[in-house]
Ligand SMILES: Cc1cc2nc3c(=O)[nH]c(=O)nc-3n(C[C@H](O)[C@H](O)[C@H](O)COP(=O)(O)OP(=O)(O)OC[C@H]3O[C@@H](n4cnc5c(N)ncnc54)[C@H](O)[C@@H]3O)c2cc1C
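This document opens with one chain alone, in structure tokens, the form predicted on its own.
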């Protein structure tokens, strides 16, 4: 009976990184997909938003002390140093986001090269895991034995590429508690009072969003289902069923703009898409007339452009979510080794944990940083 040094459940970013950093170990990598790195390939429009210039704990939802240790020990600069020998090219886009210049396939090829020492068990759905001197991983095909087990199976978003709750199920079977998983980095649906937004499908512009104690600024996109775009996706991470507020004119002093008493119509003077202004003015029952004709109470109505507050109805759900927030309770995981405090030689890394980053490369950086901490320990 063959017993591997380590079994890694999940051939995504965190699992592949962990395997790559342990070249001398006898490792089994188990995944239900037929190919490795499918989420890497699917992200960033096929170019993988690998990390961000500005990574801090403030870009994450979760226990800040737990998150900080791993991020401090593996920065974006160290990630690029790790990848440097492979001559990958990256480009920086808006908001400090790094992408593969050519294709995410190049990054997956690097991991294929770095994990040649591993035995891959692909198309292998894990049914359950037991521990009797070693871990016994029962798949629908076979039993795989390992001295140590790393759960790097991710969350339950992206079911189209094999996402499943198996990581959570294994955690619970060993006594771990879960912070309830929920869709994150996902669009938000709107209440009846905001249905006017649904007629603006395709319109996008920069906006500032206040949600809970967070203020985020990025592109807002209107869709036929509600609102989306980078600022809403990141905002969905922090939203808790309450009200949110938009500043549709960030960095613009509306009062100074209206002081000019222009003869222009409101929709022509305000620097926002005409379609948006038309629907917005209808929604607040204000005629699109010249600014000079506006009464005091009408001018006050326009202040809603700087503080438009409402409660979303919900979100677009797991099928549209880029990641899952919630997961294995980090109080029960060692912040240095990522070993379970409840079961020796059992480890959890990446998205399966209750750590979730904003949109912009933060979740890949967490996947790599948590894998690095674990591999350094082992």
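Positions refer to the first chain, counted from 1. In this text the structure is predicted, and so the values were computed from the model without any measurement.
There is also a form predicted together with the named molecule; it is not shown, and the following applies to it.
The contact with the named molecule in the predicted bound form, taken as any heavy atom within 4.5 Å, belongs to 30 out of 30, 27, 328, 346.
Taken together, the three residues 187, 194 and 236 all stay farther than 4.5 Å from the named molecule in the predicted bound form, as judged by their closest heavy atom.
Of the candidate stretches 271-279, 219-227, 125-133, 202-210, only 125-133 has residues with heavy atoms within 4.5 Å of the named molecule in the predicted bound form.
In the predicted bound form, no heavy atom of residue 183 sits within 4.5 Å of the named molecule. When contacts are judged by a 4.5 Å heavy atom cut-off, residue 323 counts as touching the named molecule in the predicted bound form. Of the heavy atoms in residue 76, none are within 4.5 Å of the named molecule in the predicted bound form. The named molecule is not shown here, and in the predicted bound form it never comes within 4.5 Å of any heavy atom of residue 315.
Residues are counted as partner-facing when one of their heavy atoms sits within 4.5 Å of the named molecule in the predicted bound form; in 145-159 these are 152, 153, 154, 158, in sequence order.
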